[in-house]
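Below sits a lone chain in structure tokens, taken as the form predicted on its own.
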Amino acid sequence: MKRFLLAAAVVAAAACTTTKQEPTLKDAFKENFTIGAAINEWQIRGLDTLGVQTLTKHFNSIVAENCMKHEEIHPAEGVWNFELADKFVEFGVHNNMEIIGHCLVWHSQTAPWYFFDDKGQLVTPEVLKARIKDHITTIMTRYKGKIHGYDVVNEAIVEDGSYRKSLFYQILGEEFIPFAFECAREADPDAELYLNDYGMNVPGRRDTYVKIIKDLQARGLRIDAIGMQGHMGMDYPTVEEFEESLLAFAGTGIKVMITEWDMSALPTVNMGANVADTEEYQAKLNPYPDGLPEEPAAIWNGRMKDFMDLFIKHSDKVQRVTAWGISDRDSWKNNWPVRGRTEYPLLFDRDYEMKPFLNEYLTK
């Protein structure tokens, strides 16, 4: 009898060992915030199998990298292309993920027809408003009950705090932002609505967004969170200035999201320089084509950990942290601003191995 019990115990222990789950990012941060990634066409279609495996294992939120941008989904008046956006949403629903729509109003990657009449002249404010309402209503109605939240307005303010002189602004002035939020609230009253921009550590941009948030609230319009795009470098921003803006936004009573997070591991590029000047200069822009050396990798991991610790410190205010891609191979920073430039900015390397700074969170 004792031998039988001993054997049964060994079998049970072995079974426990084989079914034990490896730690994941979504489990590590489940008490803090959702952890997300932007996904591309290859992942949406299931062609990047390792990417999909990494995504479904470690992340519980997804955002559309490109397939919901205006020129992709609404390329001509009366013409809609929902094929890839539908697959993106289906992927998120199938995998029980929080789905984020990106983005409804943005000056870039907007199909040119949107702002012009058949004579090539800028449309009237009334026409643009009708087009904005139709665009927002069509998308949000189609995915009602499936998409958790939307970046309603993206990148509307420049560094000095003034409005970007986009065609939205030129035709409608400052009113294009509250109008977009009004349309979004009407289209899907249950969806969360966000503002989103980069360089949110810059005081001028931060202060204007605080004013915009308060104005939307005073009008009785829904705004749930603001996205602080986390496009960072080895020398910018400082943790302290990023924290200052995070607290300023949270002080308005809405949540904060860290969106589009990536950190360049290469020297910061001065865009005022002619990047095509010399082969020598281009080589300086791409110093690690065959892999990131130990010293810069250690600095990069240290900075990423400092920011992740900041997000955890303020997890009562931070709703979501989203990387702008899954692995280094996915990043838009590759081949920019010169062809062949090899970057290392994301949470997983080109072999889908997790970056070292995350290990500590998995073992706590």
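From 1 onward, residues are counted along the sequence shown. From a predicted model like this one, the values you see are computed outputs, not experimental measurements.
Beyond what is shown, the protein has a form predicted together with a small molecule; the following relates to that form.
Taking the partner from elsewhere, Asn66 is found to have a heavy atom lying within 4.5 Å of the small molecule in the model of the complex.
Remark: Trp332 counts among the residues lining the small molecule in the model of the complex, judged by a heavy atom distance of 4.5 Å or less.
Among residues of the shown chain, Lys255 is not one whose heavy atoms approach the small molecule to within 4.5 Å in the model of the complex. None of the heavy atoms of Ser245 is located within 4.5 Å of the small molecule in the model of the complex. Picking from 134-142, 150-158, 220-228, 181-189 the stretch near the small molecule in the model of the complex, with a 4.5 Å limit on heavy atoms, gives 150-158. Proximity to the small molecule in the model of the complex, taken as a non-hydrogen atom within 4.5 angstroms, holds for one residue of Trp106, Trp113, Phe82, Tyr169, which is Trp106. Checked against the small molecule in the model of the complex, the candidates Trp300, Trp324, Phe59, Phe29 yield a single residue with a heavy atom inside 4.5 Å, and that residue is Trp324.
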